[in-house]
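So this first bit is one chain, no partners, the form predicted alone, shown in structure tokens.
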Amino acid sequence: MAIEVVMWAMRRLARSRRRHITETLQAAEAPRWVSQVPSRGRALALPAALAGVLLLAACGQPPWNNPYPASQAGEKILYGAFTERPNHMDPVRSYSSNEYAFIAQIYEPPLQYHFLKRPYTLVPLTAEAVPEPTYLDADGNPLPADTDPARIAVSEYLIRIRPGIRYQPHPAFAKDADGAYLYHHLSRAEIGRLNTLSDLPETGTRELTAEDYVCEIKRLAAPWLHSPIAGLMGEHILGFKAYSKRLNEAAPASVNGERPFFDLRQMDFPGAEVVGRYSYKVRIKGRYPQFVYWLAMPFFAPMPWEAEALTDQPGMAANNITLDWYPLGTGPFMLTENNPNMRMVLARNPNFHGETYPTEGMPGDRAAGLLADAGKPLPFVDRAIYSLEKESIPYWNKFLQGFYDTSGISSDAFDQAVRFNAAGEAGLTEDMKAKGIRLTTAVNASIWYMGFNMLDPVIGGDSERARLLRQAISIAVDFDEYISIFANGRGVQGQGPIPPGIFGHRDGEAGIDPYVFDWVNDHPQRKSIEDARALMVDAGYPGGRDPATGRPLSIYYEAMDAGPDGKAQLNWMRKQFSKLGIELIVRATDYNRFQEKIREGTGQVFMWGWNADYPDPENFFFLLYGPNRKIDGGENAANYQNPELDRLFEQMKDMPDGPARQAVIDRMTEIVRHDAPWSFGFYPESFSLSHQWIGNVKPNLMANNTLKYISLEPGIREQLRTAWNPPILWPVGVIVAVLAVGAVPAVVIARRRERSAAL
């Protein structure tokens, strides 16, 4: 009402330039409460009434700028934001962190990572225990656990799941009085009238079974589902490739772009077999101990056949009623609103089987309050509402106002939030401390590296000349400076292929790259540029000049075009190479073209990164394993090949963690440092902020299903939101004053007319 009065008054004042103000007020269609005022006081009625309305509004419950309904006040709702639409909610296809933020709260694979323990430890989720493999020889006979890996033909994992776990309410399970499924055989007309899944009002549920897990593994092999890990699983799961081929031949062809439902239960699969209602086996070729980590990823979550029977009906995909849009799981939350252009909402699953907060953690966890909820039932929040925020500044401002509970730190806001002390340690600014905001940092289980194409005739190969050139460049490119300038200090200088937190990583003097760093005053110190120039002389490039041409050595840098924002980084990179007299020629392309050049082995020098799929050194060293070269379809982007490293890799990947494995890793790391197919760049560091009313915040770089552990105090949140967002009334006061001043001429003229009428 107050806004309507202000707008009405402003429109009237805009017309007063050409009309006498009294005539304007008399002729205009003023609100009834104005026309009923006696003529002498009518001109003052508007500003007086406006002031009254504003005073009444000021008595309401602040904050006025609260973007959420008043009915949500005091509820245990976590408020967050997302910046881009999740493309895939189907676990068979999802392989992105922004997608896992949602589906990992919904789907439950058999295993998960312990929330508090480090190093990262697998624990049961729906399984009764973490499975131990049984080794079989080529004839199917059992082998002892310490057998020679060369004798192992098959590793068999028996997974037993806990009974009594039920799915969230879902129309796929809805049945009529006779036990027939209500929505599995809809007509085209019925499907055409559907807009969302909620248009199917009846829901049902059923118990989780081992068959649901086997169904999902079969879906990984279905060629029409295009799982991103199908190629990798084809190398490890017994009979996977052959089963994929059989499925392609047996499944009905798509009609008008839609593939009819195909019941995967009718085709047996030797790699995944149901052995009981609550038990199933997965068979792995040879020995692949890292497979157990995959059992903690959504790829191996259960998928009931009823879900596909519902969503694969012709016409459903046209209405976005698919598993990519509507996930179906047994986890603590379910997706109740999927509007990626506005909001995503996770709500508590009423059928959740229950889980309790961990009762043990690491030293210091209890003092940090991370065990205050030990043994309490999960989850602690009832809903999580995520709003779309495409720009970082509105996201940041809403966090500071208390309307988002957690936040990352963009480059624009970094100086406002974080300060580094003399020792280089990150801390919060005084403004952040005054709000009770907490900073959490963690070195990610990832690496950002500079790669040298080992197939290139200049920079690559195993010649002494090329090796010294790579080492010189590794010294010259100062990634400490890069971290400071372009990452706001959020990173740790890389010393090898394994980041902190992964078995095999070494800290301190034992962990430095001696070809690039010296150990000085208990810290690694980059070798001087004079050392790098001396290596250039030894490599046959004195002063950075190619003796064959007499011109500066030219090297091509393959860059992913980042637009104007990337120009500064490319200029910085040119400067690093110019320290050695090398002319760096940047070839910037879009990401697709960049990938194509790396895949074809036509690039020369490039920057790229890798995030761990699971916490094992095999997941990083396989990026340097010869048979895994990029030109051969693998992930070895540098196309590096060293026979000794390849032999040690095959030995190391099957070893249990321990001193023997560490010794092999140390030797492999030394080989890679010496050969320098990578300049090790840096391990990115994540900085996150949370308000004081949020509890149980501990970074877990492997687990994605951590929403269930978060606690909050909505009462404290409401109090601080009110304190941080007081209503700002002075602009309204200015408007009232302008209206009052503008009414003075009308009062004067009205009085003159009254006197004239009296005479």
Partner chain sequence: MSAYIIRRLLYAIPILIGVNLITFALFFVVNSPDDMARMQLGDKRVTEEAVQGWKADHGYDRPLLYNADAAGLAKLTDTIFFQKSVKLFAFDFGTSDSGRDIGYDISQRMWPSLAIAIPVLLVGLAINISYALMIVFFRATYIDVGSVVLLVAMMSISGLFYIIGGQFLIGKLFHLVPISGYDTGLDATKFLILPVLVGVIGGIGTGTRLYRTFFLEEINRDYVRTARAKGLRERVVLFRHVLKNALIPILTGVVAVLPLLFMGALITESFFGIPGLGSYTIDAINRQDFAIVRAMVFLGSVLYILGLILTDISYTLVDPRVRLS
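Numbering follows the first chain given and starts at 1. Predicted model, so just to flag it, every value in this text is computed and none were measured.
What comes next is about the form predicted in complex with the partner chain, which does not appear here.
Undergrad: Considering non-hydrogen atoms and a 4.5 Å limit, does the partner chain approach L739 in the predicted complex?
TA: No, L739 is distant from the partner.
Undergrad: Is there a non-hydrogen atom of D462 within 4.5 angstroms of a non-hydrogen atom of the partner chain in the predicted complex?
TA: No, D462 is distant from the partner.
Undergrad: Hey, in the predicted complex, is P228 touching the partner chain, heavy atoms inside 4.5 Å?
TA: Contact with the partner chain, yes.
Undergrad: Test of understanding: in the predicted complex, would A317 fall inside 4.5 Å of the partner chain by heavy atoms?
TA: A317: contacts the partner chain in the predicted complex.
Undergrad: Taking the partner as it appears in the predicted complex, which of 540-548, 340-348, 130-138, 479-487 has residues with heavy atoms within 4.5 Å of the partner chain?
TA: Heavy atoms within 4.5 Å of the partner chain in the predicted complex occur in 340-348.
Undergrad: Just one of P394, P377, G427, G424 has a heavy atom within 4.5 angstroms of the partner chain in the predicted complex, so which one?
TA: Among P394, P377, G427, G424, a heavy atom within 4.5 Å of the partner chain in the predicted complex occurs only for P394.
Undergrad: If you check N619, Q168, Q105, S155 against the partner chain in the predicted complex, which one has a heavy atom within 4.5 Å?
TA: If I apply the 4.5 Å criterion carefully, the residue I get is N619.
Undergrad: State yes only if every one of R366, D373 and W519 has a non-hydrogen atom within 4.5 Å of the partner chain in the predicted complex; otherwise state no.
TA: Not one of the three qualifies.
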